[in-house]
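Here's a solo chain for you in structure tokens, the form predicted alone.
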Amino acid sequence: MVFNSLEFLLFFPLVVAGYYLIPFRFRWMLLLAASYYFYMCWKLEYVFLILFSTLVDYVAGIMIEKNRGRRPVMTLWLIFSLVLNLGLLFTFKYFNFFNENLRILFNAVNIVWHVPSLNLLLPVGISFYTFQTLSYTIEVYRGNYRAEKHPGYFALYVSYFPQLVAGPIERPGNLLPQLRQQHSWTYDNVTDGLKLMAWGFFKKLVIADRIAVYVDPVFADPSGYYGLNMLIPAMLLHIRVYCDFSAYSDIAIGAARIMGVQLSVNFDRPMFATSFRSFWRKWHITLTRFVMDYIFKPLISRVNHWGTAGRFFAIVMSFSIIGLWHGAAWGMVLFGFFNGLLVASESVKWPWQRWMDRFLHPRIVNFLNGVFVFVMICTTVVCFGAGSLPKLSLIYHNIFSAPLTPLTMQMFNGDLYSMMVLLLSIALVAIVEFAQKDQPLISGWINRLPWYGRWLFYLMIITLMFNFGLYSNKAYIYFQF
């Protein structure tokens, strides 16, 4: 089941109505049943993978806390959790990737590799709920959170349907206590949640899915696109990925808010970042924090004695893991690797940056830095559309081999009207996010508008969605991760 489907529009109001109508002590049962049903609508048998991860980490958490003070035993239970969860993730998501690359490597030295590939369908959202369960075990191991004794609430923490398949990746200290609280129906929660959901549907239906119509054929066969005719689809792909994923996060946060739960903010206006570090502090925030807390910090503590080289290595390695998390393909690994290089390079003050700081106004410097960050991130997001190394190489070759090729906009197939609607919708998102400033969620910005401004904004969004939204039940990009 996807958010942008008729099934969800029937399912969600029924869950909310039941949630507020039944006694508090039964609510966790309703939410747990709804969450499993939500996931089983995709593929029934794969719900057993969530049940397995839930059981593993429920037992591991209790045993870690039971053996508090006995470090070797605690470590064994942590390893038990890591091996089983990451082993499950590796089997379904990465086995064929590594197996195929080993086959290529051994064939190159005339050694026959007999290990067959696995014919397995990638479970939707497996990377998200695996990381969420691991964060629980690690936090209990570190003593930051007590083990959850109630199996029902823990199962709900792992499978909570608003953020089950594409995040945000929640820490136990934020989500578990809220699931245990008794939430009452409030006007503010419901209206703020509906505003977030409407904004998410607008970005998904009017922008992300419409960009896909134009951009997907370009990346399917990029051989006929050169210079700006390839660079502009790359930029639109970056906007599509942002609008698609942030739309899911908005809808998830909004749906949870209606039921009184505040999920973590996952995006904070990343398109206005003026440095690569700030971009990753604003983009997919919960994943970046996960990798920084559980991978980068332990890694940097071990290579810190290498000085600058150690920090550079830790940054690039951590971002390469972020890339691999996104998918079992070399294009994804390179996406992380390139972003790691960009972030690591900011530790050096380049001569042209010193010249800009000295002779240009700070606002102009920030604007130029923002444009530079946006363009460079676009060149790395190409990896999302390419996937394979040959296609990625062809796209980069076409972008830079003929930069003066006249702009034809052939990907729009002469549909000037749809193109203008799309560009105006993108401009609307940019204007609204610029106006948000210190408000990462649009509901806070809307609430500051006068009543006529709010209703004018609602009317504009609803009109655009009904007239220009694409209602094709197109899955969210991050479902595949």
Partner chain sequence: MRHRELILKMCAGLILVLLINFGIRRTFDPSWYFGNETLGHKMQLYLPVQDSFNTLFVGSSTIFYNLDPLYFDSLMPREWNIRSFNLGGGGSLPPETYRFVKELITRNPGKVKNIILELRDVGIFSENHRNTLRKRYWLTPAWYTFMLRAQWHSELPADLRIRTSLFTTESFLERSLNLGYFNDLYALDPMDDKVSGDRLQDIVRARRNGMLPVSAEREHERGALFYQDTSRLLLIANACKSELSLENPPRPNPIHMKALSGLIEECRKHGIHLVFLLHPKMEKVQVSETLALTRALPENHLINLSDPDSFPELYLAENSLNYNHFNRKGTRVLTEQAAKGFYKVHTAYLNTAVFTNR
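Residue numbers count along the first chain shown, from 1. Here the structure is a predicted model, which means the values were calculated and not measured.
Only in words, not in the display: the form predicted in complex with its partner chain, which the text now covers.
For a residue to qualify, one of its non-hydrogen atoms must sit within 4.5 Å of its partner chain in the predicted bound form; none of Asn144, Trp445 and Phe457 qualifies. Proximity of Tyr471 to its partner chain in the predicted bound form: non-hydrogen atoms within 4.5 Å are present. In the predicted bound form, Thr191 approaches its partner chain with a heavy atom inside 4.5 Å. Its partner chain in the predicted bound form comes within 4.5 Å of no heavy atom belonging to Phe128.
Looking at Ile462, you'd find a heavy atom of it within 4.5 angstroms of its partner chain in the predicted bound form. Note that among 191-199, 154-162, 120-128, 366-374, the stretch whose heavy atoms approach its partner chain to within 4.5 Å in the predicted bound form is 191-199. The listed set Phe48, Tyr417, Tyr452, Phe26 contains one residue whose heavy atoms approach its partner chain in the predicted bound form to within 4.5 Å, identified as Tyr417. Taking Trp113, Phe359, Phe98, Trp185 one by one, only a single residue has any non-hydrogen atom within 4.5 Å of its partner chain in the predicted bound form, and it is Trp185.
Contacts with its partner chain in the predicted bound form, taken as any heavy atom within 4.5 Å, map within 205-223 to Arg210, Val213, Tyr214.
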